[in-house]
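Only one chain is given next, in structure tokens, and it is the form predicted alone.
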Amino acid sequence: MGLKTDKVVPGREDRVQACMAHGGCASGIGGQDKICLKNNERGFSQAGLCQLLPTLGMLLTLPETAVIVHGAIGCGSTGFAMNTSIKLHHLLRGNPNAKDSLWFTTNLDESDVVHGGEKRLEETILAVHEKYRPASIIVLQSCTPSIIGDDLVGVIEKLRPQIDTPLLYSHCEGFKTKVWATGYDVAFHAMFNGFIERDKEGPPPRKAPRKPGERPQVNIINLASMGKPDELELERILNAIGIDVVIGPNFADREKIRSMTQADLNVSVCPTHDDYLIEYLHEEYGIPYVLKDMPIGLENTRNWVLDIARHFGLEDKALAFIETEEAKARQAVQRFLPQLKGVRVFLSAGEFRALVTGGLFQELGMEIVGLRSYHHDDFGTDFYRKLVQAQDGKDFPIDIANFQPFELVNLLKKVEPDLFCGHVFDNAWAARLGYPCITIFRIFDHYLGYRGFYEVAKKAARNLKNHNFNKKLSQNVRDAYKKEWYAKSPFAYIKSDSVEPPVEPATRAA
């Protein structure tokens, strides 16, 4: 197991054959050769995402923790962008005195590249410990110190006996993987290696078997991109069928993370996000797991709850609860259905969230006409097929792209959706074209479970009713690309050995 034995987390290209470049149709991706998909490349790339970003985003959620980015100052600058969001997360979690995130950089320069950066890293760790006294210190090693051969683990092991603060580390070099989602694994590795495997108290013992009559306790593996309202909704659902919940490790302290080794079941909210951590807890602590669905939309929430309940013989109680909740949710969205029926939706987000959100829209009578995913791996394959089946075999184009707005804009011009659903930075491109947009994630909103089903329906109906701002925006901004680009396939720059021919998306007129 990498987390227990390895210092460096393997890239997802190698671990799960993840793909970062593909253009085709939803029905075809399940028949693709995984090695061919993994080897796809772009001849031109406009944007990208380094694994450091999700790693930093997750580690900064740990309360009272200082994060040191060992490298050039630019690598740490994303800490500025994350600070507001993470502070709001803590406020929503009942901490009115939430402070700014503590992040630092060793700010390596040309001299350090020649002479080595270990001394500067050592001085930075000691200075942060002396001045701020954080609950823990985590060092992220970026590309430059890795290239010049800095011994990150050697520095950490040297300082551990000298200070009373837990010291964690992560190798987070962007050049080692093209798959940004590897950053999830890197963050989990840092947390569980530091707070469990290398903790001063050593790993906690395995939990004793549950006593007769004792309520089961499950870990819900949360996301940094998951708001407190969604955590409360999932806790409400599981509490109602007799299951206690621990939510972490994001926004959790050392003690809570160590307590996650004592659960009866690990429950993933996003398989792409959690498999590395869940496999570790299964191997080292024998904790079974649920790693299949994301509780978005009625069917996926039903499957998610039943998979959990089945582990504890609570299916009957869960079914009764589900029937009641579904009836309430269906009744609540009735007034939106006439407006939503037949609306053509384009989705853009992380793969699993985009796919299961597509299922939610189909439950509201809408049609999926395009999907852009930030990467692809096996966890999502079956859900593409399900979406096509649910709309009577009507296929739609997909773009596997770590952003690449030039492909997205080209595809949108051909598909011409009625509604765009993506993250804020994706919505900006769709808004420039005049399409109504809703965000696929905001920390203030319900998105998961039954309350999320209602809130997404309400938000979609509201935006379809009045999107004049986007219309006027499209009339007053210049086109982002030359017209010659729109005459080409959106996938023209993807180099592929795929057996599937490139798919030209059908336009609305076609």
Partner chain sequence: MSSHIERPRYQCALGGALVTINSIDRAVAIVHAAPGCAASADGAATVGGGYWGTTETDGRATPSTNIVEREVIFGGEERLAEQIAATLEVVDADLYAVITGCMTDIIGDDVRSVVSEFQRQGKPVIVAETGGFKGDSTVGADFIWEAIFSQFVAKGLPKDARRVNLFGFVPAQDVFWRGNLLELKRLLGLLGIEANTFLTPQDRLKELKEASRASLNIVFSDVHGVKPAKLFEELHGTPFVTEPLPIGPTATEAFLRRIASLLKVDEETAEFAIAQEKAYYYSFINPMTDLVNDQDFQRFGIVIGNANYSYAVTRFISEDLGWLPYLAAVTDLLHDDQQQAVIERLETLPADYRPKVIFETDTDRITARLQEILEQEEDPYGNPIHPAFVIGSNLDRPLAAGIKAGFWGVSYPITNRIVTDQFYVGFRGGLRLATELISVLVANR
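These numbers come from a predicted model, not from an experiment. Residue numbers count along the first chain shown, from 1.
Keep in mind that the form predicted in complex with its partner chain is missing from the display, and what follows is about it.
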### Query
Is there a heavy atom of T177 lying 4.5 Å or less from a heavy atom of its partner chain in the model of the complex?
yes
### Query
With a 4.5 Å heavy atom cut-off, would you call Q404 a contact of its partner chain in the model of the complex?
yes
### Query
Hey, in the model of the complex, is R42 touching its partner chain, heavy atoms inside 4.5 Å?
yes
### Query
Would F469 sit within 4.5 Å of its partner chain in the model of the complex, counting heavy atoms only?
no
### Message
For the three residues Y289, I308 and F379, which mark the spot I'm curious about, does each lie within 4.5 Å of its partner chain in the model of the complex through at least one heavy atom?
### Response
no
### Task
Sort through E326, E283, D100, E157 and report the residue having a heavy atom within 4.5 Å of its partner chain in the model of the complex.
D100
#### Entry: The unique member of L91, L319, A81, A135 whose heavy atoms fall within 4.5 Å of its partner chain in the model of the complex
A81
### Task
Look at the stretches 236-244, 200-208, 428-436, 254-262 and give the one with heavy atoms within 4.5 Å of its partner chain in the model of the complex.
428-436
### Query
Mind listing which residues of 64-81 have a heavy atom within 4.5 Å of its partner chain in the model of the complex?
A72, I73, G74, C75, G76, S77, T78, F80, A81
